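There is one chain below, alone, in structure tokens, taken in the form predicted on its own.
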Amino acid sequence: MSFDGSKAFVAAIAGPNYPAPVKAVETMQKAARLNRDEAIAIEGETFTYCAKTKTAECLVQVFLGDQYLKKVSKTVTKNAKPTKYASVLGAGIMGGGIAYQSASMGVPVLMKDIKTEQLDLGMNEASKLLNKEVERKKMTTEKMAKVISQITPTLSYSDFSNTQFVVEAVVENEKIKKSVLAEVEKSTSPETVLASNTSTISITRLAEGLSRPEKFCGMHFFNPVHRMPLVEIIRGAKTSEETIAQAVNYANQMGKTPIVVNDCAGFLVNRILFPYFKGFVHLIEDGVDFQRIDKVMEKFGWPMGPAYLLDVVGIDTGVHAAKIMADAFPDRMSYLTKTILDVMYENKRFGQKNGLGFFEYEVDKKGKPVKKVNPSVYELIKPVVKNEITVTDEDIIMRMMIPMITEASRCLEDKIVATPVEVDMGLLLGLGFPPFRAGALKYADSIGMKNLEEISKKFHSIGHMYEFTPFMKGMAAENKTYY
């Protein structure tokens, strides 16, 4: 009875995609009344079964991918000097999060903004995160006070002459970012590295107004900063290798996992994410319920479905970024008509940030947003629905995942990163791609390129994002895999 109860409990936590935990309980149950040798034999059978599963293969790949990234970081930072004093420009949620992460890992940081109210917001964000650590008994109040003392709010650049590394985290507007970066460059030493926490804007373009473009790179943190392990380090056209090394080293000092990527709109992770969102938009236009799409993709293994993810990211942020991506890749990321995202934006449904999105949000007793559905959202969706198509759950998965896979392959082909490992680890660490699938390219391998190409042909009429590249067609013809 106790074993059956344990299996049910473990299965509920592990879920259907991780068989080993339940198998472990079953093995104990079978071996409980056996002698040592008989029990070892059963244990060996279970281990062999688990080791041969697709889940085990993918989790081993994730482990090897993590080791590969550490090896690359070690090579890149061989001669890099540690950052002893850093600065953050912009004291919003992201700026406050970056300042908190730096200070909590022992690197003192200046936090600069133009308004006292914004500085208060940034300090409050850091304090809120620290208080949570104290509440969870992961930090003492003494340590909290020490971390807070490592963050110095300021309204001027007067103290920037001593800073070694500056992270710009102001509003996602190219003109404003260029102005701020040019201004801070004048107040720092020639050795100071400048980095922009942009999520979509070209690093090469942002460097145009700088007198030292070789000391500038991208450093894209993911929200929430304290939880998301990935930092994309973006190399602009004139970024020096020394600058990249310092950025990678600072990311390591902050306890993050850096991946170096070459410059393009959206860089690596967001470039691959937006075709996935476009797949979602087209499913809505074909009359598929957004709640059903979310449930299917969560069952696939994503921590949240695309509608919920857009609410968390911020629909206003998504609309802004989607325009940048459409300008850069019009053949597969532009929209010909008004989309559900435009409708949500026009109706000021920005997601969790204002409590209204695809879902509506109320804060529970612990301060966490709880989602619920208001049927009125379907009235907003009606005008953008163009068809009423019957689709299977497998169709939903393929219509969401093929655009992600094809864009992931394009990033590899365009040398945004050097290896399939970096593509897939970026998606795991930056988006929460299901670890038991090990990434978009590993998932493509599991389906088989020939099979995937045949499936993709069903959706060519939807748009170019479902079409294989010549490189992918060659892989399919020769039965090649990414790994």
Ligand SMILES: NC(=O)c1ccc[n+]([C@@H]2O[C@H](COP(=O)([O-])OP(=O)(O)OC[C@H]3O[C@@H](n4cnc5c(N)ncnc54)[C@H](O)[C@@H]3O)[C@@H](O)[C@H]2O)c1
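From 1 onward, residues are counted along the sequence shown. Note that the coordinates shown come from a computational prediction; the quantities given were computed from them, not determined experimentally.
Only in words, not in the display: the form predicted together with the named molecule, which the text now covers.
Contact between residue 127 and the named molecule in the predicted complex is not found at the 4.5 Å heavy atom cutoff. The named molecule in the predicted complex comes within 4.5 Å of no heavy atom belonging to residue 162.
Taking non-hydrogen atoms only, residue 339 never approaches the named molecule to within 4.5 angstroms in the predicted complex. The named molecule in the predicted complex comes within 4.5 Å of a heavy atom belonging to residue 118. Here is the short version: of 87, 243, 409, 199, the single residue with a heavy atom within 4.5 Å of the named molecule in the predicted complex is 199. 220 is the sole member of 220, 271, 399, 278 with a non-hydrogen atom lying within 4.5 angstroms of the named molecule in the predicted complex.
Partner contact region in the predicted complex: 89-97, out of 331-339, 292-300, 129-137, 89-97, criterion any non-hydrogen atom within 4.5 Å of the named molecule. Taking the named molecule as positioned in the predicted complex, the residues of 156-184 that bring a heavy atom within 4.5 Å of it are, in sequence order, 169, 170, 171, 172, 176, 177, 180.
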